[in-house]
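So this first bit is one chain, no partners, the form predicted alone, shown in structure tokens.
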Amino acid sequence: MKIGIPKALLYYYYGPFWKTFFEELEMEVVVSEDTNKKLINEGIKASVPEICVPIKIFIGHCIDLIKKDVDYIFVPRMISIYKGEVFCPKFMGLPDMLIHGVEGMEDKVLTCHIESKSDDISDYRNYIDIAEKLALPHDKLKKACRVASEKWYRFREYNKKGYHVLEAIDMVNNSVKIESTKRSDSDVKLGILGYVYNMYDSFVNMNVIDKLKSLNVDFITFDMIDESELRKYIDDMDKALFWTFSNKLLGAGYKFFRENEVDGIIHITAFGCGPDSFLGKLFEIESDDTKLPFMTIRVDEHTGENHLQTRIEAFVDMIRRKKAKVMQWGDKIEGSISLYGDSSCL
């Protein structure tokens, strides 16, 4: 049996778990190809216009998998992984959106309800629906969950040691040793805020990570930070956001702004993202309070790469010039030159 896994959305967080899970169940796993223009266009044609770009891309990946003649496409219904919080409604309704809205998906979607009290989604009861549909014994299901969980934890350990998601996936899937991306010789360190499917899909973000590397910029992302550390910054809020991954970004953002460990912050968001309309405003307020440079990069299916390159280079140059001024004038003007600069959007 061939199971298709779309290389989109939470593939960049739970992909190592799901791939191992189905392989342990002795199924052939087919991952969709990297996001490309043709795939995006097919997703746009099959989507309602109002939906956000990441969902359009996900639908494009599902269409790609149908062409690869898979028996099923795995589309979990992500409900919650933290008490009192839920996923964005689009994640919860994704299986229905595909089954009832995209031609050819009626009999292809393989789904299950995933609900947990932590990032760990390995409880076999989350996958009972799959076992029943495919007539799998529960002991086999439990073993697949256990083995997949071990690999996912290794992936997360690498990720939290400073390897970004793509590197960590490569390390656990292919057992390769990758040289750390930490740049000890860099004079600029940025905090990069964005959902994993925006930050690590190189077509969506037009290789932001590679662009930063080429500028000799060190960076840190929310997924490199332990959950307990992220929660420290939102637990004292009267009310956090409704959505778990938005709260992860919010905790990381507050950490970056308040701990003075980065020189600036870039928020990568996709056009049409409802939760990010809240997040972006909170980050802007925090930037005003802390005087830390902050820039929003908002991408959609029409964003030009040259424009993006220019904005990132300008942002990094601005930080370097202001740091140089502070070093040049030293104690005479300490405190009078702010690193706060141009809060700008694409």
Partner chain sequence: MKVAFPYMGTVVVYKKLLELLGHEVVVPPRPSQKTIDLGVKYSPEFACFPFKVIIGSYIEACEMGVDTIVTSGGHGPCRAGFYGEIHKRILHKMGYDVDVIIFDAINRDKDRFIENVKKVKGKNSWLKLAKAIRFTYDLLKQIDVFDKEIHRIKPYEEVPGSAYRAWQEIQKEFDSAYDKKQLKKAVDRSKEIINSIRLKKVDEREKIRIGIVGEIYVVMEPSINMEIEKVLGELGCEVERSQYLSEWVDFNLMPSFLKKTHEEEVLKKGEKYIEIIIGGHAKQTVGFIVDFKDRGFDGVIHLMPFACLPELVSQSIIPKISKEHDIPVLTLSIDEQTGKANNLTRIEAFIDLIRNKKLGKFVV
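All of these numbers come straight from a predicted model, not from anything done at the bench. Numbering follows the first chain given and starts at 1.
Absent from the display: the form predicted together with the partner chain. The rest refers to it.
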(request) Flag G104 as yes or no: does it have a non-hydrogen atom within 4.5 angstroms of any non-hydrogen atom of the partner chain in the predicted complex? (result) no
(message) At 4.5 Å between heavy atoms, is F271 in contact with the partner chain in the predicted complex?
(response) yes
(request) Using the partner position in the predicted complex, report whether K213 sits within 4.5 Å of the partner chain, counting heavy atoms only. (result) no
(message) Just checking whether M171 would be counted as a contact of the partner chain in the predicted complex - the rule being heavy atoms within 4.5 angstroms.
(response) no
(message) Which residue, D187, E227, D96, D123, is the contact with the partner chain in the predicted complex, using a 4.5 Å heavy atom cutoff?
(response) D96
(request) Could you check which residue among E26, D34, E50, E305 gets a heavy atom within 4.5 Å of the partner chain in the predicted complex? (result) E50
(message) With the distance limit set at 4.5 angstroms and only heavy atoms considered, check whether H100, H113 and F242 all reach the partner chain in the predicted complex.
(response) yes
(message) Using a 4.5 Å heavy atom cut-off, which of 142 to 150, 227 to 235, 214 to 222, 74 to 82 contacts the partner chain in the predicted complex?
(response) 74 to 82
(request) Sequence order please: the residues of 274 to 291 with a heavy atom within 4.5 Å of the partner chain in the predicted complex. (result) G274, P275, S277, F278, K281, L282, I285, D288, D289
